[in-house]
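A single chain comes next, written as C-alpha cells; it is the form predicted alone.
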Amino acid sequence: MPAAFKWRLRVRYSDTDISGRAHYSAMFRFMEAAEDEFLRSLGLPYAAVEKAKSVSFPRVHVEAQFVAPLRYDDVVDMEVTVERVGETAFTLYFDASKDGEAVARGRVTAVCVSVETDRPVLLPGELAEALRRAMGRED
C-alpha cells in the first residue's frame, strides 16, 4: 500500500472556541487544506483542473470523528489517503494526529460536476489516474 500524503499545520487562535478547544468546524478546514496540498503534490491542483476542464468538485459527503481535543498552537499532522475512485467521484480519508496520538479521522467525497450543466461528469482522466496511482491501483 502506498504511503499516505502527510501535511503539517498549526491550530490558530481563530480555530478555537470559548472552551479553548479547536472548534469542530476547524477540522473540516484542516481536511480541506490537506486535500488541496495533496492534489498539488500530484501536480493537479483543483484550480488548474477546474479551469482546464470547466468542472468543479462540490462535496457530497463529509464526516469527522473526534478522538481527542486540539488547542491553540497545537501542531497537527494530517495524513491523506485515497479511499475510493469512481467514475465521477472520489473519496479521501484523513487521519489527524498530535504528537503521534490520534485526534480525529474523517472522509470527504467530492463529485466532478460540469460548470455548464451542474450535473456529474466523468473525472478528468489525468486526475483519476493520479488518484488511482496514489491509491496503489493502476486500473
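The first residue of the shown sequence is 1; numbering continues from there. Since the structure is predicted, the reported quantities are computational estimates derived from the model, not experimental observations.
Although not depicted, the form predicted together with a further copy of the same chain is the subject of the following passage.
A residue is said to contact a partner when one of its heavy atoms sits within 4.5 Å of a partner heavy atom; R59 meets this definition for a further copy of the same chain in the predicted bound form. At the 4.5 Å threshold, heavy atoms of E32 reach a further copy of the same chain in the predicted bound form. Interface membership of A89, defined by any non-hydrogen atom within 4.5 Å of a further copy of the same chain in the predicted bound form, is ruled out. Using a 4.5 angstroms limit between non-hydrogen atoms, F5 is distant from a further copy of the same chain in the predicted bound form. Contacts of stretch 50 to 72 with a further copy of the same chain in the predicted bound form, defined by any heavy atom lying within 4.5 Å, are made by E50, S56, P58, R59, V60, H61, V62, E63, A64, Q65, F66, P69, R71, Y72, listed in sequence order.
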